[in-house]
Structures are given as C-alpha cells and as structure tokens.
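Quick setup: one chain, the form predicted alone, written in structure tokens, and binding and motion questions come after.
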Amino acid sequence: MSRIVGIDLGTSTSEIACIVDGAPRLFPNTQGKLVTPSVVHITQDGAAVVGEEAAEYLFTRPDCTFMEVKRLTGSGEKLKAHGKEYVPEEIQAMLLRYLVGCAETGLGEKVDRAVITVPAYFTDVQRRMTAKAGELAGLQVERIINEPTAAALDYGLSNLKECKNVLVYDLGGGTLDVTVLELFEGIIDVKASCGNNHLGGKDFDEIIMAHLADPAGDERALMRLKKSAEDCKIALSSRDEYKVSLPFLLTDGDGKPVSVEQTISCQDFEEWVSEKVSSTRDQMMSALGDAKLNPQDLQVVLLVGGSTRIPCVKKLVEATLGAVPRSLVDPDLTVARGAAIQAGLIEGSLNNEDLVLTDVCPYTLGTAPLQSGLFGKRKVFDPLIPRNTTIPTEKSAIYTTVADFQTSVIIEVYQGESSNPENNEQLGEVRLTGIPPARKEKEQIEVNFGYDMNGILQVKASVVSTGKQVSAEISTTGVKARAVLDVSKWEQAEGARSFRPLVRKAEKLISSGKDIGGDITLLLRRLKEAILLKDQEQIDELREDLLAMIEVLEKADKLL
C-alpha cells in the first residue's frame, strides 16, 4: 500500500503534504511553489492544465477555465468547456491528480491514498462529493477531516503537554469555520463548530469589483477586474492605499475604450467589507455557546486561512473574544500539515500515541415522521444526532406504522436545525418493505443513524417484529447544499420588529458576561434563524425558552 498524503483542497489555493522522517513535509508544485492556485483550464482535447499556468488562461480563455469550484461542491451545477459538461467533482479531481503528481515527484513513488480536508460546516452532501472527487482522481480517500481540526492537529503536535481551550478562526478564500476545542496533554477534543460556507476572500474581492466597474458579461474584463481586486485586497493588508489601474478595460456604447483608475484606501476597504466581517461575530459566539464556554475561558485563538491576514478581521476577532489572536501556525500551510499528520496517524508513520483526536458532527441529522395533531397528520423533524455530537456516533429511534395494514415505509433523512423539515435539507430517503400487515401503530420500525469519522451518514431501517432490514449510504445525487443563514440579517425579516426588545435584553446579558455556559447565546442565534425561516412553531418555542432563561438569570442576579 502507498503512503497516505494530506491534501488541503481549498477554494483559492490548495496544498499537499506527507509525513517524512516523522514530520509533515509539503511538496512544491511544478513551479516550485508550495501553494497552488485552485484553477483548472481544460484544453480542446480534454486535457487539464492546473495551477499558475491555468490561471493565465483566465484572461484569454475564461470560457473553459475554472476557479473557486469548491463553492459549487454538492450543487449539481454543470460546468461547460468545449461543448462538454463537467460536474464540480470532475474539475476537483483534475486538481487532485495534479497535486498527487507533485507529491509522487517529491517522494519518488506512486501515491493512491489520501486524507482530504473540508470546511467544518460542509454538509453531508458536500463531504460525499469531496470524497467522490478523490475517487475520480484515482485515490482511496482514507479520511475526510475538517480544516480547523487539521490546523489544531498541526498546533497540537508541537504543544502536546498543553492543557488549553482553543478557538480556531478559519477564514479562507470561500468559507468561514469557527471551531472550539480543548487541548489536554495531546488529546484534541473538538467541542463545537459553526461557520458559513459562502463567506471568504472571494466575497471581499467582489465588493471591491462592485466599486470599480461593471463588466456587463465581458468575461475577459471580469477576470482582469477580479485579479486587480484581489491584488488590491492583498496589498491593503500591509499598505494604507492601493492604486488600481486597468487601461482599456471596457468599451462604451460608442465602442470607445474605457479605462479604470482608482486609488482605494485601507479605510475605504474596511468600510466596504465591515458588514460581512462583522457577521462572523455570530459564528464565534455560537461556537462558544455550543461548547458551553465564554470568551474569557479561551487560552489560545488561532487564525487560519489567507483572509485572516486582513487587519480588520484580526481586530474583530480580538474585540469579540477579548484576546489577541496568536500567529502560532502558518495560515496557508497549516491545514495541509494537519491533514498529513492525520494521514501519518492512520498509516503508522507518525508513531505518537500521545496525540488523540476527536471531532463532531456540525449539523443536526434526523427523520421526518408523521405526527397526529388537532389539524391532522403532519411531518415533524425528529433529531437523532444533534449538532456538535462527538463522532463517530450511532443513534436509534423507534417509530410505528401510521396506517392500517401498512406494508412499507419511506424513511426521509434531513439535515438542519428547524423543527419544520421543509426548512431543512433533505439528504435522501430509504424505503423499507415487507412490514407485516396489521392495524396502525401495531408494527414498530427501528431507524438507526451511523455518522463516521469522515462525516458521512449511514442509515438503517428494520422491522422490529421480523428483523427485516435495509441499509444504505444516503444517495445525494442532485441535492443542493443549503446556504448557511446569515443571522445578522434577522431584523430585515417580516415581523422581526416585535422581537427587538427581547433580543436587545439577551444581547445585553451576553455582553455583560452573565451568560455562563452560553445557553442564551445559543437560544438567541436559533431564534434569529427561526425568524429568518418564518418557522412560527420554532419561534414560539424559542421565545418562551429564551424568556425563561433570562428570567432565571435576572432572579439569580438579584439574589447575588
């Protein structure tokens, strides 16, 4: 069997590493660089050009050159080049094959096994499609590991004797992850993860672009504008201003060339992106709340991902957590290094019995059985595996038939936090037949969910009386990954005004440090989500829970 490599498959850039002589080693690409742009160009004959060389085609052949494909993972969207259609996983596979080729050159041997990283907040669909990309690249995917967890492994290997609460803030090119974990003498115990799969450096680039020009469907102009916006963003991390100069970018209505020249200050940029950067505060507080910790309980804050180099991002993290983030890991390379460490633990090339890792399921997983009520039967989301449950895990539930002489049942599988299954993401379904015909509620069906270390769900359903069973990995073909809610927009939702006094009171208690354990933080975020989703049942339930929790705290405060 070949060695196992660790791959950071990123939105903007990707890296590959492996354990060599007991330590993670990164492999350079064909240009001699450790960081490879996640860009793929497809030639007329279907061959793939990858990395910096492919990025050059963004300006000359944008119609058959693809970047930031990671954001399309699990979407089912089709990408076209030279009249042929590709799914995102096929493009990702081309990038993976290139990276593996670089590792094979560095190692001098064939590689066909890998650990691949994904954002902690990737859905089951997105994880499965990432594994699919690995398979298409000819790899045996040994493990799918969360990116902030990989960064924690990289940090933990060098700090085995520490006992600390750590928050990893991972803001990359396309995604945000916030993970809270405990490091205890080599044990890395992930407590909670939260994030946004649609927030990253790409969004900051687009904001700059919107202030410069509108290419109006001109793909070449769009790529030039995007490159200049990215250069501007990077420059403003270390400079007070940057001059954008794009001669002959567009043509006006009369066909005359139009150039773009504009000087952008660091203050301009920070004002433009402030809303998106500020929205990450919710993810930090939600992860802390789920972990039952307050900001003052943290000893280490790690910044991961290239976008954390932006000064206003660092300032926000410091202001929110009351702690200066520490540059203890390389924000660009730490995830690949951590993936290699996980690979080394699996294959035994890193013989370190003192390093142990646990992780969590980032979403709630459950079914949608019919329940009887005053207005007849309706589907209600029944959670089997709550979010932030330590994995691997296995949970079961018993249901009964709902109709006389029912001989089959469809087990619908959902992922999400709403009590209304329609507001969650349906991952798939399993059909169980052969139920003995009987009066309703006489036959029992046992449903079992198993969530493995790759974050992939196995579902089993069986008839209790006969033992007949069906099991499957949930089919996710064509299922779109649901966008993460931006709860900072809750006040714009219909009917939100009536909740402002309650929300303000809760926020005041949180900011005063009285939310011990983070229960109010968690309830408040879920209430905002329910308001955005217009889930009235959940709204009513959460409002009562939040009022009761606030009352308890206020009474306790008076007694003190």
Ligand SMILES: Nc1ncnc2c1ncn2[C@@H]1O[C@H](COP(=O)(O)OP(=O)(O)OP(=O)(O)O)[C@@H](O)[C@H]1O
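Not measured: the values here are computed from a predicted model. Residue indices: 1-based, along the sequence shown.
Omitted from view is the form predicted together with the named molecule, to which the following refers.
- In the model of the complex, residue 307 approaches the named molecule with a heavy atom inside 4.5 Å.
- Proximity of residue 13 to the named molecule in the model of the complex falls within the 4.5 Å heavy atom cutoff.
- Within 4.5 Å of any heavy atom of the named molecule in the model of the complex lies no heavy atom of residue 294.
- Taking the partner from elsewhere, residue 347 is found to have every heavy atom lying beyond 4.5 Å of the named molecule in the model of the complex.
- Annotated contact segment (heavy atom within 4.5 Å of the named molecule in the model of the complex): 309-317, selected among 434-442, 309-317, 359-367, 258-266.
- A single residue from the set 143, 224, 202, 460 has any heavy atom within 4.5 angstroms of the named molecule in the model of the complex; that residue is 202.
- The listed set 130, 175, 342, 424 contains one residue whose heavy atoms approach the named molecule in the model of the complex to within 4.5 Å, identified as 175.
- The partner is not shown here, but in the model of the complex the stretch 225-261 reaches within 4.5 angstroms of the named molecule through a heavy atom at 230, 233, 234, 237.
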